[in-house]
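A lone chain, given as structure tokens: the form predicted on its own.
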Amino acid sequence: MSKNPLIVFEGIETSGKSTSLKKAIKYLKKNKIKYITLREPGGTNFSEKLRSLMLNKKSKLNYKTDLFLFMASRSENFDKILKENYKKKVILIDRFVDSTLAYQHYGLGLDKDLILKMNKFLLGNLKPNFTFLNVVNKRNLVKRLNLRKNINKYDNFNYNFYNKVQKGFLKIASKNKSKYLILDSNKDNLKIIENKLINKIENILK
């Protein structure tokens, strides 16, 4: 594994993805390991503006437009953040290429080959070294969504959509199991998940 790997955190809404990322950041800070973190959509100043546009709960943009805006955000991140820091610092990304496939293809039915070609065009041979995939069941998903105060466009789908997206994530992970760790927020408490996460990060950084 690379000394300065690119690590991605994936999962549907309320799966615990953001919590896992925060635990990883805490670990790296504690051990004085140089890192950067970014989110998708978002990252550069321009990409953050695209994020506000895409995730606005009043957004009427169609899903094809969303796809191109996601890719525009990724293109800017690659050019201005990823290339500069790749293999120089640990890179933590909140959502990356798997999210585009899971949401835009498996969830919304957009063309898989097009998405793969666009990612290849933008990123070349850059790929994550490892991915943490958080999963959640229907009961916890609905319960946690109802507790959210700040709702964006992607918080307003029905369960069938999220179910298709999560199955898409799991299908992607099943094709390269050695580079994924599934963190199940339904079965394990936060401490168990944190221990699994940290143990894997320590192994990745060895």
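Just count from 1 along the sequence shown to find any residue number. Here the structure is a predicted model, which is why all the values come from computation and not from measurement.
Omitted from view is the form predicted together with thymidine-5'-phosphate (TMP), to which the following refers.
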Worksheet item: So in the predicted complex, are N4, F78 and N129 all sitting within 4.5 Å of thymidine-5'-phosphate (TMP), heavy atoms only?
Response: no
Worksheet item: Given that the partner is absent here, does Y154 sit within 4.5 Å of thymidine-5'-phosphate (TMP) in the predicted complex, heavy atoms only?
Response: yes
Discussion item. In the predicted complex, is there a heavy atom of thymidine-5'-phosphate (TMP) that lies within 4.5 Å of any heavy atom of Q104, even though the partner is absent here?
Written reply: yes
Practice prompt. Please check if L38 has a heavy atom lying within 4.5 Å of any heavy atom of thymidine-5'-phosphate (TMP) in the predicted complex.
Written response: no
Discussion item. In the predicted complex, is there a heavy atom of thymidine-5'-phosphate (TMP) that lies within 4.5 Å of any heavy atom of L55, even though the partner is absent here?
Written reply: yes
Fill in: in the predicted complex, segment of 172 to 180, 137 to 145, 26 to 34, 40 to 48 with a heavy atom within 4.5 Å of thymidine-5'-phosphate (TMP)
40 to 48
Discussion item. Suppose contact means any heavy atom within 4.5 Å; which members of 3 to 32 contact thymidine-5'-phosphate (TMP) in the predicted complex?
Written reply: E13, K17
